[in-house]
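Here you'll find one protein chain in two forms, each presented separately as structure tokens under the names structure 1 and structure 2.
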Structure 1
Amino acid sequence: MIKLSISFLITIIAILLVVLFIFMVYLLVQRQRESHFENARDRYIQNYSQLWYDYLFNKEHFSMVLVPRGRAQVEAIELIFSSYLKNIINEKVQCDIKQFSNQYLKKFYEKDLLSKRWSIRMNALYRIADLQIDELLIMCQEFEKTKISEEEYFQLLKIYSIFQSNLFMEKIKMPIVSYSESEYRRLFVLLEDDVFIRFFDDFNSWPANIQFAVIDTAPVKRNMQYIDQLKKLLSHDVAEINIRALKGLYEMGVIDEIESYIPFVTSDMWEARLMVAKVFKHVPLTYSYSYLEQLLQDENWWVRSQAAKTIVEDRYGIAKLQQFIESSNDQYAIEMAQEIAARKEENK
């Protein structure tokens, strides 16, 4: 058995106590620094929020006291700007924020891009995009040449999509990283319509994840020019593209003719039949009932249910379902029509 002398144990304990003391001092110093930072940030917000509001919304003269002196005040301005950009759509305000950020915040984010800490670099990239600091575009391109993460590259793509659409398209065509559909949607929704439409012009050259993201983004942008683009995809030879195009057209909510959709009533894919039953919500029942009646007798429960729901939404829908119940021999379809009609009656 190893015997430890009392003096050795005392030495070990003393060392541990010193280490613990140093650690506690470090934590106290860090906490004091954080507290000082937060107080400086909050003081700026308290003292100058009204000045910012008057300058941005009441057309008051700009005051140099608003120019940040230090990181705490930069963070305070970020919070003020973020609240306006998220909650208020005003081109003049956006323009003033962009001008101020390019003039007075640029140097802070320029320095942050050179940081060794990933979180600081990412925050700078987020702010460059949100505040539209386009004067840092060249530096962002230089930053791309360094060893960066996939997250940083994604944020660079977002910056390019805002500041330089041609550069953005080049990067998408020659991807360093392949992202998910949801990530591409986050990029595409930021694009101006004259840029986004280019994805449809060369649709078949894109990989599937980009194709799907393009289709899913179109209805979100709410521009009628995408209706024709989505309708063209109804004749695509990939079933998944057909189904997503149907979904996009349903979400757009404008159906100018019915002929393009009729083939999907007898599609081999139940998902396509389901989506066309949804699309017919935007078509007068006078034109769509014969097809919905066929879908009401579909072998798939979801299709039958959706066809009944679509019919019952029409002002004469309940009467149509009652008429179907009395004349049909399809027990499953009759039960579905009865269920949906009863539910509609209960909710009146």
Structure 2
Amino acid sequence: MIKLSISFLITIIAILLVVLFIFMVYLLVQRQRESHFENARDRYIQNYSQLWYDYLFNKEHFSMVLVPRGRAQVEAIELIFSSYLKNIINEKVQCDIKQFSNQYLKKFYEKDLLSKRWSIRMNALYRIADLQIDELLIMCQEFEKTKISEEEYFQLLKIYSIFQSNLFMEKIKMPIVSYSESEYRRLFVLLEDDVFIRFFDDFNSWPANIQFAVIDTAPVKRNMQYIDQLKKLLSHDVAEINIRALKGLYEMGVIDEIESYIPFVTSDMWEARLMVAKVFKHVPLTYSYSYLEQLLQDENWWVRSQAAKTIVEDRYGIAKLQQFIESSNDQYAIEMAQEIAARKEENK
């Protein structure tokens, strides 16, 4: 029995040794490949990034040496392009990059989309969106029909939102996958205003995550037309939507009347009271002081703190707070007023 088990153990040892050997060879080979790849990539960047700069920014002629040969050069070009796109806004450059990518990089990403590896396909989808390779749109629609992951579908939605907003709206109405708020924000932020505003038309038909993301994205778009839309939502039945709409209106920073906001001073939700204390930053203190004084004596610490901060931002705010400190007998509110007033004095 022991004899048998010894030969059995030796077999296992042999197998393990083989596995070990394979791992090691794999690591060594990969290392070799990696450094080759990196060398080729860095060489391209070193040799041609000046040429790229001259072509894109100094309107010099395009040289055929810039056309990539092989993966390493594609990656080098990706690095150069992304350095430009991330740092600089220049329509001509964007346009040239788009044109070049459509012409010379398309075939690489086309192949990547068919890859068995999820990460390779994802990278290709990233690039199609970043470099605006619109000639691959049809291919992307084909790709959608295959079995793809949620992440890939998300990238597809992003691509549609850039190239074909109608298609995007169509797709997003179909609740195939549900994404997080921050992901929806990423999709909405690039939409044109005339497309984005359609979300408000039938607001209640959207799932909560989309509703929230729409409200949060509206102020970022810095367009006055959303003020009315957000104000409408102040009377929505869902408290969370009211609060977010208040936040959105605060971020827009344009408060034309305060009647719509006054009910929230006595809201049951402390978050709503906090937001309304913030909204009053954009209202002259003469109109808002009586409400802020009420909020300064709120039971919630955050509300009190925000009310005091809002008051102190006004030119005569500190005087108002001093007055309050002398006349009030709410110890918590007085402490808060004192701290905020003291901080303001320190920072002067």
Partner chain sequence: MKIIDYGMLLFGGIILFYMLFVIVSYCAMFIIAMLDLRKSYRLDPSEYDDAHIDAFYSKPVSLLVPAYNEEVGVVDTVYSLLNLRYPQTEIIIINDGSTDQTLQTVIEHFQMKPISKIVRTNIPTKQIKQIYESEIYKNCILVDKENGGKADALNVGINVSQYPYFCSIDGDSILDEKSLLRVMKPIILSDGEVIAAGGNIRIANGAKMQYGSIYETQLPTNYLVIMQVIEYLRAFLMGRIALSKFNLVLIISGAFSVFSKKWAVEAGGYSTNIIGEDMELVVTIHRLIKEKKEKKRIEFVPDPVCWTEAPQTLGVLRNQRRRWHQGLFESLWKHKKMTLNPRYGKIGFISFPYFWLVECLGPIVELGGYIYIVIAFFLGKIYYEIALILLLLFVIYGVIFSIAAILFESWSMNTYPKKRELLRMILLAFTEIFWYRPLTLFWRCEGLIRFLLRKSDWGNMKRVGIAEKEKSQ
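Structure 1's sequence is the ruler for residue numbers, which start at 1. The structure presented is a predicted model; accordingly, all values stated were derived computationally and were not measured. Rigid core (definition): largest C-alpha set, two forms, superposition within 1.5 Å.
- Note that the form predicted in complex with the partner chain is the one shown as structure 2, not structure 1.
- Relative to the superposed rigid core, the position of the CA of Gln30 differs between the two structures by 2 Å or more.
- Two rigid parts move between the two structures, and the turn of the smaller against the larger, rounded to whole degrees, is 14°.
- The two forms, fitted on their core, place the C-alpha of Gln331 3.0 Å apart, compared between the two structures.
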